[in-house]
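To begin, one chain is listed below as structure tokens, in the form predicted alone.
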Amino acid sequence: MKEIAKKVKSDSFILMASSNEMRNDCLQNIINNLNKNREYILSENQKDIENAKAENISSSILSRLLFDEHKMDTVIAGINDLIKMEDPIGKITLKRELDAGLILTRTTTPIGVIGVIFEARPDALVQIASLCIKSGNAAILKGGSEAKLTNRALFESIKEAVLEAGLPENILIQLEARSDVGELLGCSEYVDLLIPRGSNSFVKYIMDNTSIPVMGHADGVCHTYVDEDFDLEKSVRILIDAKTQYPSACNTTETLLVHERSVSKLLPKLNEAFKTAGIKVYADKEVLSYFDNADAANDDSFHTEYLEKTINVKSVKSIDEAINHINTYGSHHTDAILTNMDANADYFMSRVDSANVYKNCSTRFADGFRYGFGAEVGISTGKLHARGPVGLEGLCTYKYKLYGNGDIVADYANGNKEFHFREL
């Protein structure tokens, strides 16, 4: 593994200096190859689906595992968006004259080599590989074993596109063996960043067993809070979307908090909507009687990421109680307020400590594609260095470049010269 990572690191320096045109050509080649091999890729996915069903894989994993015509078209649309975006490399974010003829710039640059370990989502492989190419980062990719055949077919199309564009062959590497993950964690001299996407226990294992910086999120325990003054029709529509549009996604609402003054107005109608949508409810004792299909919630319920059509419902006495609940039980991923009161929305959004905070819309919007990032390598709930959906900007760091003409520090230390800072 170290020999593989060493080769990736070496080729990453070539990719880092490549032109935007060359990287865009590679992305266009990926689109062409995905379309050319579409039938084969989809048939391989069906084999993965059949194998997963035979092993009684959960419905949430099956949902993420599916790679059909719609998902193919979606990832291709994301790559097209990436091609249209400006080059993220080489942007000057600071230019300052320190003294006459001594110019400092801060310039964006790729991170280097990124290891991405992700769950059974074949579309994630395409998104991650495309984002890494556009941002000039080499990548070592390890997908879930449930999607082995689909990932292999997709990677073959992507790797062919890399070679067709004249880029180095080792800028993208696919790992398949489970043992590769443990070995990758020991490659700190060659891998600059790890992005794990999976269960809470898996992400914690990665963090505890490597000295490589880790970025990502473990759980998606997301909340929607319905305030004391709200629009009933819009709120029901939003809540159904936030829970059912794609239940196995990490940005699905798992807990609904309702101001006690809004309970009698919202819950009868929401009960009917939940029954129609087939949503199971765990409710606290104050609101349990409002639901026909509900069990009592407990403390564990509010820590749970269900990833299916199940939701917690809890009554709160104030917006502050809602905020405190979210900051205590949430995973700092995505949380929303439904309200007609702008001041309350501002109060909520400034105090909820999450990567994404929303007013009057579904938590399902937390996504790099929907943010116009082209796609995402994942959603970061940390605060360094990227937060929220991580797209091109989150895959870049920066370096300082200083342009001089025989300048030495001794001249400034002994007083012969002085700095005259001037923004350029």
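These numbers were taken from a predicted model, which means no experiment stands behind them. The first residue of the shown sequence is 1; numbering continues from there.
Just so it is clear, the following notes concern the form predicted in complex with a further copy of the same chain, a form of the same protein that is not shown.
Enquirer: Give me the residue from E183, D353, E176, E286 that has a heavy atom within 4.5 Å of a further copy of the same chain in the predicted bound form.
Expert: Partner contact (heavy atom, 4.5 Å) among the options: D353.
Enquirer: Identify which of T397, S58, N37, S43 has a heavy atom within 4.5 Å of a further copy of the same chain in the predicted bound form; exactly one of them does.
Expert: Contact check passes for T397.
Enquirer: Are any of the heavy atoms in P213 no more than 4.5 Å from a heavy atom of a further copy of the same chain in the predicted bound form?
Expert: Result yes; P213 sits at the interface with a further copy of the same chain in the predicted bound form.
Enquirer: Does the 4.5 Å heavy atom contact test between M22 and a further copy of the same chain in the predicted bound form come out positive?
Expert: Because no heavy atom of M22 falls inside 4.5 Å of a further copy of the same chain in the predicted bound form, the answer is no.
Enquirer: Any chance Q245 has a heavy atom within 4.5 Å of a further copy of the same chain in the predicted bound form?
Expert: Within the cut-off, so yes.
Enquirer: Would G415 show up as a contact with a further copy of the same chain in the predicted bound form if we use heavy atoms at 4.5 Å?
Expert: G415 lies outside the contact set for a further copy of the same chain.
Enquirer: Just to confirm the contact call: exactly one of 72-80, 267-275, 107-115, 122-130 touches a further copy of the same chain in the predicted bound form at a 4.5 Å heavy atom cutoff, so which is it?
Expert: In short, 107-115.
Enquirer: Taking a further copy of the same chain in the predicted bound form, which residues of 9-27 have any heavy atom within 4.5 Å of it?
Expert: If the 4.5 Å heavy-atom criterion is applied to a further copy of the same chain in the predicted bound form, 9-27 yields K9, F13, M16, A17.
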